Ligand code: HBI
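Quick setup: one chain, the form predicted on its own, written in structure tokens, and binding and motion questions come after.
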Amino acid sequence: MAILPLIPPQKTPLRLLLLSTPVGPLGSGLGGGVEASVVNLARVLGQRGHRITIVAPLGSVLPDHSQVELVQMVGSFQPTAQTQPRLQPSEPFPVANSALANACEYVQAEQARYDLIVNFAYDWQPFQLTAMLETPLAHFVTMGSLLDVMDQVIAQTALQFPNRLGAYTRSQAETFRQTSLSDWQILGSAIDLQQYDYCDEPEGSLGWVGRISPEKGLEDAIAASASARRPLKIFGKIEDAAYWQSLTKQINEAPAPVNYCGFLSTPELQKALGSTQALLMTPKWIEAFGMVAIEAMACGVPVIAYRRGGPAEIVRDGQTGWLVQPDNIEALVSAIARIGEIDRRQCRQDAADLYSLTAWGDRFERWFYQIVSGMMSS
């Protein structure tokens, strides 16, 4: 993964406004890994003396962020982009009475309070604000290409405002065919390693973590665990109840137990996940990153993932897990049989070396100072 060089430590602290995902409140799990990205970035930059404000839907909670201001917006949540058809009208999501529309109004009204605004919302509305504001607006794009209208506004932003686009991974950025890789800052992701305990003596279960929705491919993990006759523990928010119901027969007929463990807090999740032998990642789409992969590795848990999207840039095949042919149940089963070949200590070490908050904060700071200094010199 290409990363930005480190910044000199004497830079003046910035006043930053982070526009959170509008699909649900922070802490709800509805925003998946994007929630963790917003919270972790606020944590690491706040610790460095930057003044952080987060704008998020009403009901959001922050885990002990006394140095972060939280502004909550009333209004309806946005639908998730992955549930929408690719071909959309020019304004695909509902605007009236939405938390995101209210957040955009707040940004316009309060922009002078900030040196930089950072958008995490995968939606056309904040992108259209870019040319309307005096305060620079950067966009950390949290998913790959899903909607034609998003491809268009992202390409337009790249053309009009160079250096304003950030992405988790190269694989994600490359899905936007109207832009080139040089239009993007590849920033990766990170976790607070202190929140994750290393487990050297796992139980016999496999694990699966994520939003329970069709694009996450949970049925493949259930089928692989059944074929391998290994128990499976499922963690995550049930986003699509009909999809979850469709898996009932498959779960009930599995020869080994399949247990739904719910949506857990980080302390609860890391303890439960750390005791599993391996994490299965079976997405049917191109994951922008795959936060659960580094969460598992931080606990010493090897990752078995489809060689697709972000996870393929995180997992080192044969070192921290196995990468297998996408949508291939037999390949998953073969990898499960070889999980004992992976050194759990190496998984933990990779998480510490490559995905620390310190290194991630360095990359974002460098990018932010480039944008702000460019505005001051223009």
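Heads up: residue numbers just count along the shown sequence, starting at 1. Just so it is clear, the model here is predicted, and its values are computed rather than measured.
The form predicted in complex with this ligand exists for this protein as well; it is not shown, and the discussion that follows is about that form.
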{"property": "The single option of Ile117, Ala298, Val209, Ala121 touching this ligand in the model of the complex, heavy atom within 4.5 Å", "result": "Ala121"}
{"property": "Among the candidates Gln82, Ser227, Thr175, Thr135, the residue which, in the model of the complex, approaches this ligand to within 4.5 Å (heavy atoms)", "result": "Gln82"}
{"property": "In the model of the complex, segment of 189-197, 138-146, 260-268, 151-159 with a heavy atom within 4.5 Å of this ligand", "result": "138-146"}
{"property": "4.5 angstroms heavy atom contact with this ligand in the model of the complex for Pro57", "result": "no"}
{"property": "Touches this ligand in the model of the complex: Gly309 (any heavy atom, 4.5 Å)", "result": "no"}
{"property": "Contact label in the model of the complex: Gln185 to this ligand, heavy atom within 4.5 Å", "result": "no"}
{"property": "Heavy atom of Leu30 within 4.5 Å of this ligand in the model of the complex", "result": "yes"}
{"property": "Triple contact flag Gln277, Ile294 and Pro302 to this ligand in the model of the complex, non-hydrogen atom at 4.5 angstroms", "result": "no"}
{"property": "Any residue of 301-320 that, in the model of the complex, places a heavy atom within 4.5 Å of this ligand", "result": "none"}
